[in-house]
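Let's start with one chain on its own, the form predicted alone, as structure tokens.
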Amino acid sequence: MIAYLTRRLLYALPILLGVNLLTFALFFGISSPDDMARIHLGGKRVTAEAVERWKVQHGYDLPNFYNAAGEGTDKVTQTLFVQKSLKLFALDFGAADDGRDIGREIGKRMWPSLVVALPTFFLGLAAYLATALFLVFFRNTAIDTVGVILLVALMSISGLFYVIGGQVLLAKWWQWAPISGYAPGFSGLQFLLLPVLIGVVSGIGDSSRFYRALFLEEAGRDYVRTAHAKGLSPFRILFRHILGNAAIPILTGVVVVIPRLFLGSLILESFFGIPGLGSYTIDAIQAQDFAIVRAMVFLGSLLYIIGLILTDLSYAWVDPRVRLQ
């Protein structure tokens, strides 16, 4: 298992480095530090002296990869790539353009994102699997047909409709929960009801349909027909055999959610006033704070790669034959 994990880590490092290089090229190749300075200073009618002063104050006055004016290791270390990009590997996110420490903000805002994302993830996964298993149990019947039609209809609706419709119906008209806001501790549970419910409902269409397709594929295999021939009950076949053998595809679908657990949902946090990392990213984009955006892009890539590694380990745990690949 250690050798298997080592190989996966070695595969992940070049991917993360490539994402880092691509992000650096996008931010400092397409949009130069001069452009960043003019954006923050108020447009094109800005003096060259003001641009240079802003660049010095924010550490953007360095060359990209090689500092010919430096001495010794400063020729490499005193560059934009090392100071603004490579330091991210040490989780040194630096300061935002407004002077606030990005790492401290991430540590503070991560918890509201988790408080919303974790119950949404677990409740949603349980609801999606239960819906898919229910439809598979009644496959080739009117219940299955109507259920698939409803799932297709639900997945065709925009996520904004669920948010706005939920706020109007459940918060404004029925007053089941506050329309927006956040508070730490048990006093904040009232603010979590609506975003968690909307997060679960908005994903039930595509997720349940995906899991239904997985279960139907397993239901047509030879071992299922053998189990029926042996006289096993449909419930036992469905929950023990089909669900168990569909574990690997389910894990693959779950991995894409891992970054969102930490980074939050951009739409939910923005509409419900939750001070998490999702709203933090939206605010940074609106303020054109490129330091925060770079940090969040790198953090999202890192979390996604960690999710892939955890998925590989889960594969090896579910199916030991994977360790040999």
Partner chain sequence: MINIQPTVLISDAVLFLLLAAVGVYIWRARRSENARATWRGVFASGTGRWAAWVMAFFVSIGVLDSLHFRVAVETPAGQAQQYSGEVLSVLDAILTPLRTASEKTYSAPFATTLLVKESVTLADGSVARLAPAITHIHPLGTDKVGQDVLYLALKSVRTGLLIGTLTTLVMLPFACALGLAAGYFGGWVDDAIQYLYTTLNSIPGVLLIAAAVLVVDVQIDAHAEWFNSAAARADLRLLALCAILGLTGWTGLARLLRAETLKLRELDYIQAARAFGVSHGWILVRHVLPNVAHLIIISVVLDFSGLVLAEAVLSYVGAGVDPATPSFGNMINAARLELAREPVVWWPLATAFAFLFALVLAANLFADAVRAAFDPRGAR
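What you see is a predicted model, and the numbers here were worked out from it, not measured in a lab. Numbering follows the first chain given and starts at 1.
What comes next is about the form predicted together with the partner chain, which is not displayed.
- Contact with the partner chain in the predicted bound form, defined as a heavy atom within 4.5 Å, holds for exactly one of 118, 142, 189, 153, namely 153.
- 267 is the sole member of 62, 267, 274, 51 with a non-hydrogen atom lying within 4.5 angstroms of the partner chain in the predicted bound form.
- Remark: none of the three candidate residues (91, 202 and 310) comes within 4.5 Å of the partner chain in the predicted bound form, counting heavy atoms only.
- Residues within 4.5 angstroms of the partner chain in the predicted bound form, judged by any non-hydrogen atom, belong to 209 to 217 and to none of the other stretches in 121 to 129, 68 to 76, 209 to 217, 190 to 198.
- At the 4.5 Å threshold, heavy atoms of residue 281 reach the partner chain in the predicted bound form.
- In the predicted bound form, the partner chain sits beyond 4.5 Å of every heavy atom of residue 56.
- In the predicted bound form, the partner chain sits beyond 4.5 Å of every heavy atom of residue 47.
- For residue 293, a non-hydrogen atom is located within 4.5 Å of the partner chain in the predicted bound form, even though that partner is not displayed.
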